[in-house]
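Just the one chain here, the form predicted alone, laid out as structure tokens.
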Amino acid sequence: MSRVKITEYRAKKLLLGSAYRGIPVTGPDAVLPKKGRYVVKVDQGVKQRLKKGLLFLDQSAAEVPKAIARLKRKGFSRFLVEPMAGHKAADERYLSLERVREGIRVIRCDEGGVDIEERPEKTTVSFYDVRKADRFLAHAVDVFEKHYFSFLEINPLVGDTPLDAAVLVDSAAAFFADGWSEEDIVSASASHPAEARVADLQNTSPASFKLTVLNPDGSLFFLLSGGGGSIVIADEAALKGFGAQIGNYGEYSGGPSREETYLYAREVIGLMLASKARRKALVIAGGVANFTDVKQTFLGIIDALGESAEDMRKRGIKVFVRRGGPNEKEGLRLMSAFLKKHHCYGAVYGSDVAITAAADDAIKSLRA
């Protein structure tokens, strides 16, 4: 028995019943809306879709097919179209349920959204107690039990409406479950070999590694650390009009080792070198880490850069750095010395400089 993902469409259908108005799209014969405003997203068990460019908000009915076509070009095949639900950010909450040895563990936070993991001090963790449950929680647990859920995450939850939901079920229940079947089971299949290799790395490490290839022939490539900082840096590039030139998105975090960081960095550098863009730049950046060792992770990145430094020098590729955290000064010193030695130096900044500085400088160099 294993835990497997089912589509968000099926998860919400089980939670909301006939009240749910989502439209699953798996082929060209899907009935699409004629009017209204909609959300369009990949429905293959991919987390953090907004950060990865796999979700489009506030689309007109005419824009829906175009959004689906853009997602198809990234290698995906299952999509979900939902009515746009306007709300205030302050109304967003977080809720997750997980089946563990002690019972059903409940994690709640009154501040939901994409950066929920950066607010652990505002979350509450408990075990389900029917005497203390509100109506929606009691209903969610009933669905959880009836349909053999192992894990349910709703983020955000606005009122009693789940705007984003992820569900893992017990695979053995596919033979007798009433409500979902094997057809509802999905895998977030990687559309690029580098993504698959990073997924393998993620599966064998307690640290976190994410990689999505956005534009194989882009000119701006990212080696980013930390989820919150990563989205700020990527957003900065998009705001500067460079969104279409971003080659990849992803992040490493959670205290990876030197060897693990080397393996991850090698994939990003390989993508950059394979790009057909005439001019290219690499941004190594992130926020101020709490426990990820800047020196050790930078040594891993330097190991990977060392394999391609001569090729990068010949192509005129510059590297722009901004990082903070444990052993920051030593890590930045080592990185700066390496880049200058191999004539790949663009800029190196510490935590005393804005988090977006490296991306800003990289874009300036590409436009020069």
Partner chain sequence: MSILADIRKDSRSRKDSMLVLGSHPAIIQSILDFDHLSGKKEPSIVGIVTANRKAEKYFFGTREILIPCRPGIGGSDAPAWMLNLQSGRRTYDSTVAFFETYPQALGGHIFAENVPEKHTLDLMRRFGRKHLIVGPSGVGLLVPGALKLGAIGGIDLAQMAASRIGTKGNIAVISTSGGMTNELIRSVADHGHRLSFAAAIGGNLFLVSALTDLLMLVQEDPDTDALVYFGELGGHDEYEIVDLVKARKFTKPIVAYIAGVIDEAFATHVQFGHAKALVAHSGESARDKRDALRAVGVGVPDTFPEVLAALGTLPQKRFTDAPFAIDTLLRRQKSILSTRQVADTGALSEGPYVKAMLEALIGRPVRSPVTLAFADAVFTYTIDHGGQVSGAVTTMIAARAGKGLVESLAAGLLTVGPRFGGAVNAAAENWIRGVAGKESAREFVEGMNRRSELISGIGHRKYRVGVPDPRVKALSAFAKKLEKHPHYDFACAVEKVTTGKNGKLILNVDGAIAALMLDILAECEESSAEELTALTDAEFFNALFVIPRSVGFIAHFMEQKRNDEGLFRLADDLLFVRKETT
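In this text the structure is predicted, and so the values were computed from the model without any measurement. Numbering follows the first chain given and starts at 1.
One more form of this protein exists, namely the form predicted together with the partner chain; it is left out here, but the text below deals with it.
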- Message: Checking a candidate spot here: are 210, 251 and 325 all in contact with the partner chain in the model of the complex (at least one heavy atom each within 4.5 Å)?
- Response: yes
- Item | Residue (of 271, 95, 71, 289) lying close to the partner chain in the model of the complex, criterion heavy atoms within 4.5 Å | 289
- Here the chain is shown alone; which of 194, 165, 186, 246 has a heavy atom within 4.5 Å of the partner chain in the model of the complex? 246
- Choose from 155-163, 238-246, 75-83, 127-135 the stretch whose residues reach within 4.5 Å of the partner chain in the model of the complex, heavy atoms counted. 238-246
- Query: Taking 4.5 angstroms as the cut-off for heavy atoms, does residue 99 touch the partner chain in the model of the complex?
  - Reply: yes
- Close approach of residue 89 to the partner chain in the model of the complex, 4.5 Å, heavy atom: no
- Item | Distance check, residue 234 to the partner chain in the model of the complex, heavy atom within 4.5 Å | yes
- Query: Heavy atoms within 4.5 Å of the partner chain in the model of the complex: does residue 218 have any?
  - Reply: no
- Task: Would you mind telling me if residue 172 and residue 201 are closer or farther apart in the model of the complex than in the shown form, C-alpha to C-alpha, with a 3 Å or larger change?
- Result: closer
- Query: Are residue 202 and residue 98 closer or farther apart at their Cα atoms in the model of the complex than shown, with the shift being 3 Å or more?
  - Reply: farther
